[in-house]
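Okay, here we've got a single chain as structure tokens, the form predicted on its own, with questions on binding and movement later.
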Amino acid sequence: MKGYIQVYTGNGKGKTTCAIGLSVRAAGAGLRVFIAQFIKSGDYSEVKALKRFSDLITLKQFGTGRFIKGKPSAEDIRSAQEGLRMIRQEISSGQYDMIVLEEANVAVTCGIIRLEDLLDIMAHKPDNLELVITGRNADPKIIEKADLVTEMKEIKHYYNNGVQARIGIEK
């Protein structure tokens, strides 16, 4: 099966949800999935749910769990670099059919991974690997190299009315 590069970006809700849905669909077809979460750290509901598919879906977090504003810490950068090393290793291992780089676009924007590193991963993707990249503010070069790009656009959100993130829905 030919693999493509999919990018889910934009300021609307649904990028991670889409990637998790794709991962579950792939697992349902017997495909092996590796999910690398940048920025995030912790036992979110999706992490708990994906443990049920641990025979086919592997999820690793390469973030400190803190929202990055300004200059990233050395710990943020170190964690992201560890993620890049593991992703490259998993890509060359050939054991996965799909690799998801969750919040990789944000990691580039925040400066914890270099745009060139993400472009290099895209350029060296094996033909049979599906690569999924999520996160707002996808660089135009990422968009250009992708085969499929979807922009999630916020039209209306209950956050604006003071509704906090709810367990099982937003977190």
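Residue numbers run from 1 along the displayed sequence. Please read all numbers here as calculations on a predicted model, not as lab measurements.
There is another form of the same protein, the form predicted together with a small molecule; it is not shown, and what comes next is about it.
- Shown alone here, Lys153 lies farther than 4.5 Å from the small molecule in the model of the complex, counting heavy atoms only.
- Mapping the unseen interface onto this chain, Arg136 counts among the residues with a heavy atom inside 4.5 Å of the small molecule in the model of the complex.
- Taking the partner from the other structure, the small molecule in the model of the complex has a heavy atom within 4.5 Å of a heavy atom of Glu103.
- Contact between Ile169 and the small molecule in the model of the complex is found at the 4.5 Å heavy atom cutoff.
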